[in-house]
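Just the one chain here, laid out as structure tokens, in the form predicted on its own.
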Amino acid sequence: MSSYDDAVSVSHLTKDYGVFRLEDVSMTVPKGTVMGLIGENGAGKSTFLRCLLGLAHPDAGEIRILGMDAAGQRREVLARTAVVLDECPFHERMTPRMVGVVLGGACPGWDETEFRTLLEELELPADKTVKEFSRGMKMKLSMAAALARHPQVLLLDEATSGLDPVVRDHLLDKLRDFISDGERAVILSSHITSDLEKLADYVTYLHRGRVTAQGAKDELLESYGRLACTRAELAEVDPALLAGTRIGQFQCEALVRDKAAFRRRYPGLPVDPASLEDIMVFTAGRDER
């Protein structure tokens, strides 16, 4: 059951396309937090977001956004939800000023003053066409348009991919500001795990349509570890303690599920901290052993 403190609550979501199946995905995103959604291409991240937006109809499960049923109360949900995709949705001949006029007439709650403030803050010229914008400028425009609606839930699908570090950091700062009142939430799907390590409070890792790892980001990073050892040393390790391995000609590497438990059992094998990228890469290739 969804709590009043949850911005998004997903229970046992399943969507079957025949060639691909998103299966039994559950997730809770409290207000005032960022959920990072990671996974390789084709893992189901975009399908998951499409189900949240009502663009794909789930075969099973329940989605509640701000306590509302996402299917039965879709109009109310969409009025409180904004999305930023990896491609700018605005026609190349439009200017930001024109975007404001169009969205002002189409979006309930549109805040033109906030939009203009964001354009200035993000250093976007109001009368320059989208065609003349760099990719980073287009993403800033998409973000400004989304935030000017004052949504309570913001969904981003690879919105920071392909951007230089300066632009990415600027957008991450805007997302921190967005959730700072404790009443709003973000779900950020991204291949750039370093961004999620900076921003996310929680992480869900999708692999082949299933949740493979999930939890508070800091707890996941504290729990997992990275082991480098010889082939002989790896052969002595209990496979149940490992989430994935990579066998090299001269060295073996493995992702350890629980650093503390592993160190107690194998005190002679050094375990280093793992990153979110390690968790994703090793889990995706865990059948290599």
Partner chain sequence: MTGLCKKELYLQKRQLTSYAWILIVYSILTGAGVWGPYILTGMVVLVGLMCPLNAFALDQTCRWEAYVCTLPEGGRNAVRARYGVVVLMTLGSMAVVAADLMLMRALGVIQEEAGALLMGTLASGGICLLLTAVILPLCYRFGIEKGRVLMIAVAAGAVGTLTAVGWLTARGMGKVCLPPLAALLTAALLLLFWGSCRLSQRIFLAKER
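Numbering follows the first chain given and starts at 1. As the structure is a computational prediction, the values presented were derived from the model and not from experiment.
Unshown form predicted together with the partner chain; subsequent notes refer to it.
Heavy atoms within 4.5 Å of the partner chain in the predicted complex are found in one stretch of 161-169, 209-217, 76-84, 184-192, which is 76-84. In the predicted complex, at least one heavy atom of P89 sits within 4.5 Å of a heavy atom of the partner chain. The shortest heavy atom separation between V203 and the partner chain in the predicted complex exceeds 4.5 Å. Looking at R149, you'd find a heavy atom of it within 4.5 angstroms of the partner chain in the predicted complex. Not displayed here, the partner chain is approached by A145 to within 4.5 Å at the level of heavy atoms in the predicted complex. Checked against the partner chain in the predicted complex, the residues L55, I247, A228, A260 give one hit for a heavy atom within 4.5 Å, which is L55. With the partner omitted here, the residue from L103, M137, L119, I179 that has a non-hydrogen atom within 4.5 angstroms of the partner chain in the predicted complex is L103.
For the three marked residues, R50, R93 and P108, a heavy atom of each sits within 4.5 Å of the partner chain in the predicted complex.
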